[in-house]
Every structure is written in C-alpha cells, then in structure tokens.
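The same protein chain appears twice below, in two forms, each given on its own as structure tokens and labelled structure 1 and structure 2.
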Structure 1
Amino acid sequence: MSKKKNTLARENARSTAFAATVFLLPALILIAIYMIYPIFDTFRTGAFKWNGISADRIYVGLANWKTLLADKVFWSSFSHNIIVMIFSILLQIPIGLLLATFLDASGRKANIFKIIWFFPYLMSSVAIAFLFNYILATNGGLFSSIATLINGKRTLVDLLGKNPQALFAVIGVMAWQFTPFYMVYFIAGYSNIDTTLYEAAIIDGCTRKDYLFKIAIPLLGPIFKTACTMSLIGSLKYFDLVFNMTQGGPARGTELMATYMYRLSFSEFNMGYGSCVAAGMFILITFIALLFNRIFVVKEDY
C-alpha cells in the first residue's frame, strides 16, 4: 500500500516537473539568449580596460571593481537612486492604490476619471521632459507663479537648476508619469477578488470600510508586494526622464547609476569601466530586490 502511494507521489512529482519544464521552457530560452548572455558579456567586459571600439583591450582583472568601490560618483549616483526608490514607492504606490480604491468604490460612473487619470502614462518621455521643463521653469513656471501668488511679490522657485531640489523635481515627475500604471494594476487586483466575497461581507453587515481593510486589502497582499518590487527595481535602474530632462545635472545632482553607466560607456570611451558599473548596478539591484522580497513575505498559498 505504502509502496504504491510512494510511486504515486513520485509519479506525481515527475509529471509536475515535466509540466513545469514544458511551461517554462519558451520563456527560459528567450531569457537565456537575450538577457543572460548579454549580462554575462557585461561581467566579462568589466574585467578589461577598453574604449569600447578598439580591437585591443587590456585585461585588468579586478582593477575596475576596485575603482568602482572607491568611485564617489558611482556611490553618489547610487544614493540618488535609493532616494528615488524610497520616494517612488511612497508616492506611486499609495496614490495608485487610492485612485484605484476610489474607482473600485464608485464603479462605472467614474470611468471618465479612470481614463483621464491614465493619460500621463501614455505620454512619451520626450513630451514629458519638454513640458515639465517649462512647468518647472524658474521664470514663468507653474511653481514660481504659485509662489508669487501666495507671497504677493515676485518669488522665484528654482527647481531644476539647483541641488538637491532637482532630484526631487525628477521624482515628482516620475510619480506623475508612473502612478497611473499602479492605479490600473490595483484596479486589476481588486477585480480579481471574488465578488461573492463582497456580497457575503455585505450580507454579514460589514461596512464598505470594513470590507476594504479587513478583506480587500489583505487579499491584495501579493499584488501589493509585486507592485512595490516593480517600483523598486524600476527606480533603481531608471534612465529615461533623467537623460531627457536634466542630463544628470545640475552638477551631477540627478546623476543615476544608469545615466552614469551610459555616459561612461557611450560618450567617454570607457566601455570597460562602464560595463563594470553596469555589473555592479545589476548586483546591487538584484540584491535589494531579493532582500525586499525576503523581508516582506506575504503568505503564499500554493
């Protein structure tokens, strides 16, 4: 009897493994070709002193890594990334959740809100960089105008031209751009919750608030965690808007790891070290992301 059970279990495990392999295979093949190979290549290039184009490159072993550990620009970029990450999570996720909750509670009537709230996500970085350069401008920009109105006399707010506010201006624009995505994400999360749960809760005499805090939000657990992870990784490897709007300036005040790496590799003819920075960046992001997922374990039911 027990032997039979054993074989059954083994059979089961084997069929599970087989099914898992079949399901995972296409994704793994593509990832191996287009992602694992390039990142492997990056680590290899990081061991050379190389301008990126010359046929001869000099093997320097761990010298680039030593430079990296002592590189002030890299670590200040990293700290900018951490600031961006913290504020992105604090802004994008809660506002996104709030918007989604509002939409979830008001149903179809609020469709127009949902559509317009989503607009920022549809704008390309080129347009965002252009318009926000003017919105944030010291002279005639939105914030200077508001400050002038409040103060009663001409007041200038220099948001992009000075540090550290330039970094926060970028964070604000990023939040503006990405919050709509988290909104949609949480709407999807809400809609995945079994409606019968809601009906049952209401029949049991729950208020909407109770339903929200005691049933819906806990059920959103895994979704919430992935949203945070996405925002975390996204802000640690962010590139687009900074490159288009501030070019890392003023005076490297908005330099991020990705823009630094890009500049080294593609405009300073320092591909070897640039690759090392990219590899370092990859290690740091992966580490932080996995750590985050370890710390915030949501009860996983599978």
Structure 2
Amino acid sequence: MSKKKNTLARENARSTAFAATVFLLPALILIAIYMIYPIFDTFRTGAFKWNGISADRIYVGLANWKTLLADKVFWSSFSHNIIVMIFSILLQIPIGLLLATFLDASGRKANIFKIIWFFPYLMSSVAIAFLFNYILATNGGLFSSIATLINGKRTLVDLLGKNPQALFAVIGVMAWQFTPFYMVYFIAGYSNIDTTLYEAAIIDGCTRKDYLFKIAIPLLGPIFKTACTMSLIGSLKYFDLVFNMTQGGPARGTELMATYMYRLSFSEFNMGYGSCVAAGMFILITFIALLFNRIFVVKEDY
C-alpha cells in the first residue's frame, strides 16, 4: 500500500513539475531573450571600440573600463543619481503615505481625490517635461510671474538655467509624477490590514492616532521596504524626464548616468564606451540595491 502511495506521489510530483515547466517556459524564454541576453551583450560590447553602425569593431579589452574608472563626468553623473535617489525616497514615500492615510481614513467620500492625485502618474514623462518647461520658464513661467506679482516689478526666476537649482527642480517634478504611484501602493497596504485589528484597538481604548502610529504603520514595514527599493532603483536609472527637460544641462548639472550613456552611444556614436557606461550602471545599481536590502531589515511577522 505504501509503495503505491509513494509511486502515486512521485507521479503527481512529475506531473506538477511538467505542468509548471510548460507554463513557465514561454516566460523564461522571453526573459532570457529580452533581459538576460542584453545584459551579457552590453558587457561584451563594452570590450570594443565601436560606433554602433559599422561592421568593424576593434577589441580593446579592459581599456574602456580603465577610462570609466577615471571618467569624472560619469562619477559626477553618479553623484547626481545619488542625490536624486535620496530626495526621491525622502519626498515620494512620506508624501505617498500621507495621501494614502488621508484616503484610507476618509473612505468613499474621498474617491474624487484618488482620481485627481493619481492623474500625474497617468501622463507620459515626455508630456510632463514639456509642461514643466513652460511652468519653470524664466520668461513667463509660473514662478517668475508670482515673483513679479509680489515684487511689483519684472522679476526673473531661473530654475532650470542655474546649478544646483536645476537638479532640485527636476527632483521636484519627479516627485510630482511618481508620488501617486506610492500613494496607491500604500492604499493597497492599508486594505490588507485586517479590520478586526482596528476594532480591537478601539475597544482597548486606542485613539485613531495611536492605531495609526503603533499598529497600522508598523504593519506596513514590508510595503515601506519594497517602495523604497523601487524608488531607489528607479531613481538610479532615470532618463526620459531629465533628458527632455534639461538634456543634462546646464553645464552637466543635471547629467545622470542614463543621460550620459545615451549621449555617448547615440549622439557621439561611441557605442563601445557607452555600453561600458551602461554596464557600470548595472553593477552600481545592483550593488546599491543589494546593500539597501541588506541594511533595511523590517519585521514581517507580528
């Protein structure tokens, strides 16, 4: 009897493994083609001197990597990415949590705010870049108009033409665009908290504030960690909004690793070194993400 049970269990396990393989194989093939292979090809291309067009490629070995290690523009771009990363986490996560808390406490009567506040995330980065180029314009922009109104005479506020104002202006626009995503993310986190916890807390004499800070927010610890990780990775590889707003200027004051890589590869036609920069980005982003997840430890079971 036990032999039959063991045979049946093995057959079931084989059947399950076969079904899992059949269903996962298409996804694994697509991941291998569109994610894993490009990573390896980027590292391989980084070992060549190549303009990205001609068939002639000159193998230079580690020469591009030696250039990268001494490249001041790359490390300056990396420092800008770090600034963007820090302020993205400090702005987007707390504001997203604040908005989500308000919406969760207000219930259905605040549904209109969900639509209004989520609208920036629905816009394309290119459209947002053009919109804020007009809003932040030195001549006729919103801030220049407000300053002129306050001072009673023509006053120009140049936020995109000076450093470091340009970088912080871009960071503010990023926060405006992506905070709604984290708002929805935290709303989903609140909805997963068992309502009986709130009822039990109220019965025990907790105020809404006590419940929020001592029960609800601590339970969102895993959500915080995931949100911070996504914000970190996204800010380290950000490209489109910055490129369309400032093209990395003025004087490379908003140059990020991705914009620098794009400029090298597709404007200067230095695909070999551009690929090396992309590979360097991959290594740095992976290292920082792993380090962050190692340091940022949250309690997941209560």
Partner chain sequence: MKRLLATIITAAMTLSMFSVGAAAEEAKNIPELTSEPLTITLWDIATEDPTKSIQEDAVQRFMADYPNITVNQVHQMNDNYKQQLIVAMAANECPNMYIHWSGGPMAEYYKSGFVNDLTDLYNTYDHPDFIDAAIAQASYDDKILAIPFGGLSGCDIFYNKVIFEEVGLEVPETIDELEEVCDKLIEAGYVPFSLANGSKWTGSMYYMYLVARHSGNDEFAAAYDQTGSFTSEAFIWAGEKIQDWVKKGYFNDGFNSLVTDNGEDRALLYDNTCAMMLHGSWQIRSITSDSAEWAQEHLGTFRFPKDAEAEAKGVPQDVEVGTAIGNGFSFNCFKEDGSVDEDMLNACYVLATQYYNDDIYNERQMKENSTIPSIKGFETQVEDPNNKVVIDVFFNASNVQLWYDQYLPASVTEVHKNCMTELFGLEKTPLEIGEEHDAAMKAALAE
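Residue positions are counted from 1 along structure 1's sequence. Everything numeric in this text was worked out from a predicted model, so none of it was measured. C-alpha atoms forming the largest set that superposes within 1.5 Å between two forms make up the rigid core.
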Legend entry - Either 1 or 2, the form predicted together with its partner chain: 1
Legend entry - Phe287 C-alpha shift between structures 1 and 2 of 2 Å or more, rigid core reference: no
Legend entry - Ala147: Cα shift of 2 Å or greater between structures 1 and 2 (core-aligned): yes
